[in-house]
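Read the single chain below, which is given as structure tokens and is the form predicted alone.
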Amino acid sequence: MVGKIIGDKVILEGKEASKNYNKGCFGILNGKLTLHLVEACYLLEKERIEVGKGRKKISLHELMQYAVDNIPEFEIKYLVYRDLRERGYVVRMGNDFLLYERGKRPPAEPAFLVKAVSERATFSIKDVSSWIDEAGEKALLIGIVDEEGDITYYLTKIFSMSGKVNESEYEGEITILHDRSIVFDENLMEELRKGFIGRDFGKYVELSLMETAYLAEKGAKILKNREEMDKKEFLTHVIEIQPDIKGRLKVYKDLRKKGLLPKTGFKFGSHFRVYTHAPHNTHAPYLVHVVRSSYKATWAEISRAIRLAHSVKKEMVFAMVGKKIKYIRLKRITP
């Protein structure tokens, strides 16, 4: 029996309908088998069905052209769908794809929501956050199709981090230089060494503006030209040098509350490398990059960041700063 194109679906009847549903769980079976055009193209490519338009059978080329005309970014969706099917997974069509764990099929619940995206699409942290919400209890898998048709998959989730580095209160004097600070106060230096804050040069400890701002909130005094600066004056000075300090500081303080120790991630192209324990006992398992909810980039930039994190045995986490902070991890996987 030849499947008939009706709108953006292909309707199949007879033995072929139940056969294709039972072997691979394609389409929706309700007396007749209703196939999405993506599914129909795959089955036609595999020579498991024939498709007709009017009274004429059509080729895979013709069906694909019809699908391109009727489904936005059909070729991107098709490549991801085809790849997952070729890997042996059951994939059901929704607004995107519903992916089942290997060996499972309905009536089991799908394990993943899959988004098919072109490498040329814009990465939007707000969109990614919305996709995670849309996935609900399912995991979110983003399949990025490059210009050669290869696919990179990113497992994406709201990420929870915690550590065992305690916070403390600090007393003593910190001297502002320009884009960093310095501590000669012996007692404060000792506390900073215990807390792994700043860089110890023996006779003094050097601090970043981020660390200085944090310590000021924890009780330390800020001096400039031997006179104490109030917090407002200090913040004005810092913003002139580092305009995005407020967002970064918000994340820095939140990480500290979670028992984590953020240090600069400049060498790794991110804002922070983050330790869960004392730095001399372990490496930093996370890279955290602070972004606004309006943050956009190319997928090539995101791919580069994730690949770099993986190469140094770290996980790439984006801290999206709004009223609350959302930590979003993207991890490359092979399905």
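Everything numeric here is computed off the predicted structure, so don't read it as measured data. The numbering used is simple: start at 1 and walk along the sequence shown.
In what follows, reference is made to the form predicted in complex with a further copy of the same chain, a form of this protein that is not presented.
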Practice task
May I ask whether 145, 176 and 269 all come within 4.5 angstroms of a further copy of the same chain in the predicted bound form, judged by heavy atoms?
Solution key: yes
Handout entry: Which of 103-111, 128-136, 89-97, 225-233 lines the interface with a further copy of the same chain in the predicted bound form (heavy atom within 4.5 Å)
Key = 225-233
Exercise for the section: Could you spot which one of 312, 25, 325, 11 gets a heavy atom to within 4.5 Å of a further copy of the same chain in the predicted bound form? Expected result: 312
Practice task
Let me know the one among 182, 155, 239, 158 whose heavy atoms come within 4.5 Å of a further copy of the same chain in the predicted bound form, would you?
Solution key: 182
Practice task
May I ask you to check whether residue 36 falls inside a 4.5 Å heavy atom distance of a further copy of the same chain in the predicted bound form?
Solution key: no
Practice task
Check whether residue 171 has any heavy atom within 4.5 Å of a heavy atom of a further copy of the same chain in the predicted bound form, and answer yes or no.
Solution key: no
Practice task
Answer yes if any heavy atom of residue 264 is within 4.5 Å of a heavy atom of a further copy of the same chain in the predicted bound form; otherwise answer no.
Solution key: yes
Handout entry: Any non-hydrogen atom of residue 119 within 4.5 angstroms of a further copy of the same chain in the predicted bound form
Key = yes
Exercise for the section: Residue by residue through 275-314, tell me which have a non-hydrogen atom within 4.5 angstroms of a further copy of the same chain in the predicted bound form. Expected result: 289, 299, 300, 301, 303, 304, 305, 307, 308, 311, 312
